[in-house]
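Two versions of one and the same chain are coming, encoded as structure tokens; call them structure 1 and structure 2.
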Structure 1
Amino acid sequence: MRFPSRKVFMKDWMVTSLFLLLSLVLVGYFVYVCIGWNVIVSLSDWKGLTPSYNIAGFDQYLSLFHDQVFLTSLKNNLILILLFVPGSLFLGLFLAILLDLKVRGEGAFRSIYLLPFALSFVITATLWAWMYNLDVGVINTLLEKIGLGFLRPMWVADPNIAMYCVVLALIWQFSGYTMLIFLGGIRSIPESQIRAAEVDGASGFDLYRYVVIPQLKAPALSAFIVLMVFALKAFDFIYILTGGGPGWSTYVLALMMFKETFRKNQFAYGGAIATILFLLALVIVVPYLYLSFRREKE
């Protein structure tokens, strides 16, 4: 049996190292260097199209916490975290359990549930904007048809409920994704455990409550992280559906950062918002990485 020569081995090692080095350089520049540059901009007094790197300290950050638009945006991101994330998880789990019950036409139902997540946010936001339309929207039209026209709300035109309408639409968008994650977790449970639980008398709801659901911690954590990160960086869906309105009732941090930076040319102010978004994402991702690392060690 012939082994590769030392020369061939060194050549392969150099090619592999070159590609790895190139990847590290690109990631280092477009991720870490850009993050560092953003932090520097957030500490400057850059206003307008002419760059300025005069360090102004934490003035931009102090201004944020006296800005009602920022506080509203932060509150709306918290609403997404508290309502959208658990709503998507519970609905996805419910749909996964329904499909696991071996319903007829499972493939068709799975495709129907996954369809919203397969569509772009621009398309689904446009769809929901039409559904919420006060005059020709399908929801209000349906209420009229069944004699409940007097209940017609203003939907996204009402600043008091507009954010909750956004949450409802996003849960619809992501429930198929969480369903797929949970269904994969359920189908990965050994059949022998299910049979043993049934022999012990577990069936129906008790089987899922005591045997299946406790073993879905890893899929639930993965879906939770994805949903949490989206709840922080949500932008395009809200931008198309409401544009942040009415007023700033559906503003979120990413949308505010975009408008402050690229509409008002307040680059230092926008950089401060982006830095806060980055820190909030770290609060979510770092514990997840720590738990994943500890699980691998165990």
Structure 2
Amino acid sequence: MRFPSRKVFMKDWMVTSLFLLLSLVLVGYFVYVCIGWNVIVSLSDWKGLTPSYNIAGFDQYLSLFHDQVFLTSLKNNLILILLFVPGSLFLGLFLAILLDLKVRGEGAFRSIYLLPFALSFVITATLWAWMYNLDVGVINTLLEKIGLGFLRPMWVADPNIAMYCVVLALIWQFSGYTMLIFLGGIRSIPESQIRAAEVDGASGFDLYRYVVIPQLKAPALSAFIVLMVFALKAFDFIYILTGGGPGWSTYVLALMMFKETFRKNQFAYGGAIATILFLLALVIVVPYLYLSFRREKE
């Protein structure tokens, strides 16, 4: 390969930067400057609707860790990460494999599974509120019909299990999306490999266990990142379904940030929560960026 001459290189560079300039400026301001501004707000003593940039240090962060609501919210975000993310991944993978078994009417099933993801969170949250209804909700009615009426869980009305009800509903909503990603991944595996494995005697579970699933790393990783980020920024679904209740039992960081900032006018405190959310997101996204960067180099 011949290296481009200096002149050609300069030309390329100038054209590229011209095109990049606009988006760099916009993203720079609306993303990076705003993140920096938020960090400054979180270190200030801003309370009420009058901006104040007197640096008060890490006071807000210190009081956060003594705030029971914050700890509950953090715990609930962790529950989302630990249950909702793997739950959606496994259910999605399971559905994708089922669909891959050349069932009849695959297209119809695919749409049915994907439909929840296409609906707005406001709609699905309202729907789940009805389903979780203790008296007339479809879940308790079904339980009664099959003779398990004595169970009659309180669902979202019980602070001890409310968060798990939220997780269940979110898994339902997101599994269609992960299914689609996994199905795409399965379909991109060359037919010849499957055939070869079959000739070697692999079938059923083994075929998926040793041939298909190992090749789904890339789609799994991208679905994982989307789910993780959602687990951190979850807001609308929970806001509508439980509003963080009963009590504080289903509060998550985004919900708490909204309440502190816009209902209680504690801008510095809200900023501190936002900064912590941002750091958590970084912890997830940076390794992903590093991984995909390394893969690109390979």
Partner chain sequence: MNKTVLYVAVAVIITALICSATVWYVMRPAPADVLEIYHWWTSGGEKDAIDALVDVFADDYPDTGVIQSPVAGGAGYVMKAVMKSLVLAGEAPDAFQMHAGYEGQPYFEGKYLEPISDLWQEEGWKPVIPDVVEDMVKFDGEYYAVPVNIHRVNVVWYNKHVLDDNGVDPATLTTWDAFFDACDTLVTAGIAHPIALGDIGKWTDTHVLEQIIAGEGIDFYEDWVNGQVTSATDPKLVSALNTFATYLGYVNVDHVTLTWDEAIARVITGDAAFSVMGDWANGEFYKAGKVYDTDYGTIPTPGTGVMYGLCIDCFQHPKGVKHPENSLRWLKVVGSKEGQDAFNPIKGSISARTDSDTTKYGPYQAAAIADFTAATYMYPSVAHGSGAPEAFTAELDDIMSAFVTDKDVSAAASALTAATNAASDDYIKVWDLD
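Take the two forms, superpose them, and find the largest set of C-alpha atoms that agree within 1.5 Å; that set is the rigid core. Only a predicted model underlies this, so the values are computations on that prediction, with no experimental measurement involved. Along the sequence of structure 1, residues get numbers from 1 upward.
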In this pair, it is the form predicted in complex with the partner chain that is given as structure 2
Core superposed first: is there a CA shift of 2 Å or greater at F19 between structure 1 and structure 2?
yes
